[in-house]
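Below sits a lone chain in structure tokens, taken as the form predicted alone.
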């Protein structure tokens, strides 16, 4: 057992997930103060000694304030480093810039690699994240990274809240086929695939269903929902093919732009997101939204990392 203790830090906004994790660990968030001066520069201080302690900085990063949250995280990491913390772990359930993982056109940056470099330069010793958009991002880091999976939490939600005996798992695109097939195997269900053709980024022009969904409860699974245009069009395609009902389950509910309007006007019965991204205010505007709490998974991964135990158990099992 380590002779140092867990210290949890969180920024001054979007602290909901950090507070849930602290309750599950039976501890409290470490006192800290993060402010912006009249020029907009961030000032940060930790209210108690963290010398020789195991620091975990939990940050929820959502749409609209990504760059502010990233800078605050870097400053908090550096403050912990200069305060002589033994180890600093950044807990970033929704990894920012994950979709910029490769050079997809001339003179384009690989911003996910830049994120990795900035975190390690600031003083980060370890990273915990969930459902990376591209798994190769793990290779961008020179420090250990644990990529957790939402699948055990999703399986539990489906078994408790969906009549899954009449269900079928749907992948909204070819890239998510492996995710859908794995989930379907866990639940002993069939799965179908929607092939989508894009006219331009974030705009789907045509969708074709591969599979039989007649009289089935369709469960669309994806790692990320941005404007939700894809989900809305997928629901139309499935219902045109005689599906009984359609729900969507996504890991990261970014819900940017017209997402709430698209969901409310869609034929989706429900859109279920984990709380990797803060969207409490949006739930008040959309009765179709539901949440899967992943604080238990994060809390158990923190406990296991602190105690030097394996985290791979959480890849397939929901924490007890």
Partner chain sequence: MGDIVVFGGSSHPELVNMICENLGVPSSRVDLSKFSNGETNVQIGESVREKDVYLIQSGCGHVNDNFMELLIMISACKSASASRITAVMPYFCYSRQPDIPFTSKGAPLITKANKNSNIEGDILSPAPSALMTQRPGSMSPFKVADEEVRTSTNQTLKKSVSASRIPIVSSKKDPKGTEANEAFNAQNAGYKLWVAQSGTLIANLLTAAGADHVITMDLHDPQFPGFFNIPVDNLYCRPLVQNYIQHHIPDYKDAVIVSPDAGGAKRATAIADSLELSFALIHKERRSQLLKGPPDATLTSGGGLNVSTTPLISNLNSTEITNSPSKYIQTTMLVGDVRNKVCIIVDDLVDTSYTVTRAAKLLKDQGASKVYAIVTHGIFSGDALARIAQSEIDQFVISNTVPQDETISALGKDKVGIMDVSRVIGEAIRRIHNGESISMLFEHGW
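Numbering follows the first chain given and starts at 1. Because the structure is a prediction, the values reported are computed rather than measured.
Although not depicted, the form predicted in complex with its partner chain is the subject of the following passage.
Remark: of stretches 225 to 233, 241 to 249, 211 to 219, 134 to 142, the one touching its partner chain in the predicted bound form is 225 to 233 (heavy atom within 4.5 Å). Although the partner is absent from this view, residue 99 contacts its partner chain in the predicted bound form, with a non-hydrogen atom inside 4.5 angstroms. None of the heavy atoms of residue 278 is located within 4.5 Å of its partner chain in the predicted bound form.
Contact annotation for residue 118: at least one heavy atom lies within 4.5 Å of its partner chain in the predicted bound form. Proximity of residue 162 to its partner chain in the predicted bound form: non-hydrogen atoms within 4.5 Å are absent; the residue sits far from the partner. Checked against its partner chain in the predicted bound form, the residues 52, 47, 287, 26 give one hit for a heavy atom within 4.5 Å, which is 47.
Contact with its partner chain in the predicted bound form, judged by any heavy atom within 4.5 Å, is made by just one of 155, 193, 122, 181: 122. Using a 4.5 Å cut-off on any heavy atom, the residues of 27 to 61 that reach its partner chain in the predicted bound form are, in sequence order, 31, 32, 33, 35, 36, 37, 38, 39, 40, 41, 42, 43, 44, 45, 46, 47, 48, 49.
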